[in-house]
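Shown next as structure tokens: one chain only, the form predicted on its own.
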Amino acid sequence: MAIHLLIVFVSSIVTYNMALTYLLGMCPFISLSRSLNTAIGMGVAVIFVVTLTAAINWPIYRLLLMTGSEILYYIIFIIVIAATVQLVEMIMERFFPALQAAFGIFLPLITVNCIVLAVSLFMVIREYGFIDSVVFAFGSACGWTGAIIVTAGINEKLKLVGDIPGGMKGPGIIMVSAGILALAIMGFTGVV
């Protein structure tokens, strides 16, 4: 069982990385990977939201919706995601106002960040148990966070190293960096 959970965790970080393999969550990924501090903060928020929503959505789906109401799970999942993001926003407003200001519109947009919904849908499609779902959600969020942090770090180093051609500044260089990271990740395909 522990080996299975380790495989689910590692594969969700590396082989099935939500940002670099499935290209999910790209809007905040591109927008917030310009600064390392902002990327770390967004990553922590995404880890919290994704893990908590998967832990809440699994019992809701298994105990309530599998009784013939499966059609409602998209709506229910989105309501749980919105409530969780609202909780994160209230916590950040109270304890981390500068970070909340740096996120701007992207903090409430976690609600519609496709990685959050994708994790809940994957746990249903893959028929994961509760522990598997939480481990998968945590690993997926950690993988997305790792990708945005590495991309932000590369972006900050590139700003220090030299001139980036005009057409490549901003989102262009971020996509090139993410593409190179995705190629590196492809080397792990088939390992787990």
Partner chain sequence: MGSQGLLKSRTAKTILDGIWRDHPVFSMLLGICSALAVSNRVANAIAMGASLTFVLVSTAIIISSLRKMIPNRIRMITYMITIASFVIIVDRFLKAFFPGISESIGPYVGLIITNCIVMGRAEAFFIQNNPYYSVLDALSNGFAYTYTLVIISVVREILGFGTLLGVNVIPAAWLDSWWQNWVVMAMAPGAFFLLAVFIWISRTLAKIETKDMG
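Residue numbers count along the first chain shown, from 1. Since the model is a prediction, treat every value here as computed from it, not as a measurement. Superpose the two forms; the largest set of C-alphas matching within 1.5 Å is the rigid core.
There is another form of this protein, the form predicted together with its partner chain, and it is not shown here; the text below is about that form.
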Are any of the heavy atoms in residue 21 no more than 4.5 Å from a heavy atom of its partner chain in the model of the complex? yes
I'd like to check something about residue 91: if you look in the model of the complex, is any of its heavy atoms closer than or equal to 4.5 Å to a heavy atom of its partner chain? no
Can any non-hydrogen atom of residue 159 be found within 4.5 angstroms of its partner chain in the model of the complex? yes
Considering non-hydrogen atoms and a 4.5 Å limit, does its partner chain approach residue 178 in the model of the complex? yes
Could you tell me which one of 26, 134, 56, 65 places a heavy atom within 4.5 Å of its partner chain in the model of the complex? 26
Quick check: do 52, 97 and 188 each get a heavy atom within 4.5 Å of its partner chain in the model of the complex? no
Once the core is aligned, please say if the CA of residue 40 is shifted by at least 2 angstroms between the shown form and the other one. no
Residue shift check between the shown form and the other one, rigid core fit, residue 30 Cα at least 2 Å: no
Flag for residue 184, CA shift 2 Å or larger between the shown form and the other one after aligning core: no
How does the CA gap of residue 70 and residue 64 change in the model of the complex versus this form, closer or farther, if it moves 3 angstroms or more? closer
